[in-house]
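Here you get one chain, nothing else, as structure tokens; it is the form predicted alone.
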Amino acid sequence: MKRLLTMGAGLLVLGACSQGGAVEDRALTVMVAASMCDLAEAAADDIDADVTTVCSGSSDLVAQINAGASADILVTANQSTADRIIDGGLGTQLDVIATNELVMAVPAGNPAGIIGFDESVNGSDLIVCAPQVPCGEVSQQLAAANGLTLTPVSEEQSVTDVLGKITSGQGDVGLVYRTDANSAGDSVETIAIPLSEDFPNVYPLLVIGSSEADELEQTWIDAFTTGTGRERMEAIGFSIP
């Protein structure tokens, strides 16, 4: 059985995990950053297990775990959010499984005529992630590196929300991960951001409530990060360390 939950801030996943139970008798709950949601769901489909996939912004996922939500595996879109779980003694990082980078996404046809990451973006309806979430943190770092102060019309809690506003025509330009822009197909056009390769987002993978993966957790991790799973990541633009 596979379940996909896309959670808003403040919601909790209850009773989906039984840490310490027999592997064959329990379900698996994986929490993944919104930018990896489709990949995680595909990995769940590849294994014979009862998997619940929870997708949201990394900060929201960490807040849910800190508030007592049950989870077995967590994948965030940067190191600082993962560190909140590690520092709190709630989980163990096994590896960094991928990296990503930001680009500008504009609606097909680029109606606002955005030409580069400069003051011209501040004269448009600019959509970015809020500074406290991974994509927002990198947006601020890139703006500083390029000598730019961003003046967005909207700050979102996840990169998928930014992309949604661009594809729905609610914004002229958004700062999103390259993988999300690629997944949007012909509905958006991308413009590179100078120095973005110097500020990659890393994706740490953690097991929650233990120091190592058990058999069921490792089965999902293998489906997610190796073989076909790895090929899916690379196909949409993730870099694999």
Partner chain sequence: MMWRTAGAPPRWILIGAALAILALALPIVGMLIDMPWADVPGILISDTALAALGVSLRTVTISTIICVLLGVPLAVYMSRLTGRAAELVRVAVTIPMVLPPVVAGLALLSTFGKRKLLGEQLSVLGIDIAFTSTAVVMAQVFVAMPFLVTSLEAALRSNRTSHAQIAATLGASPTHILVHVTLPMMLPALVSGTALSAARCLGEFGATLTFAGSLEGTTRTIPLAIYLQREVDPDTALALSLVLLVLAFLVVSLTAGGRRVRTA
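Positions refer to the first chain, counted from 1. What you are looking at is a predicted structure, and each value in this text was computed from that prediction instead of being measured.
What follows is about the form predicted in complex with its partner chain, which we do not show.
The partner is not drawn, yet in the predicted complex one stretch among 69-77, 120-128, 140-148, 94-102 has residues with heavy atoms inside 4.5 Å of its partner chain: 120-128. The closest non-hydrogen atom of residue 90 lies beyond 4.5 Å of its partner chain in the predicted complex. Among heavy atoms of residue 171, some come within 4.5 Å of its partner chain in the predicted complex. Its partner chain in the predicted complex is approached by residue 153, whose closest heavy atom lies within 4.5 angstroms of it. Taking the partner from elsewhere, residue 81 is found to have every heavy atom lying beyond 4.5 Å of its partner chain in the predicted complex. In the predicted complex, no residue of 38-67 lies within 4.5 Å of its partner chain by any heavy atom.
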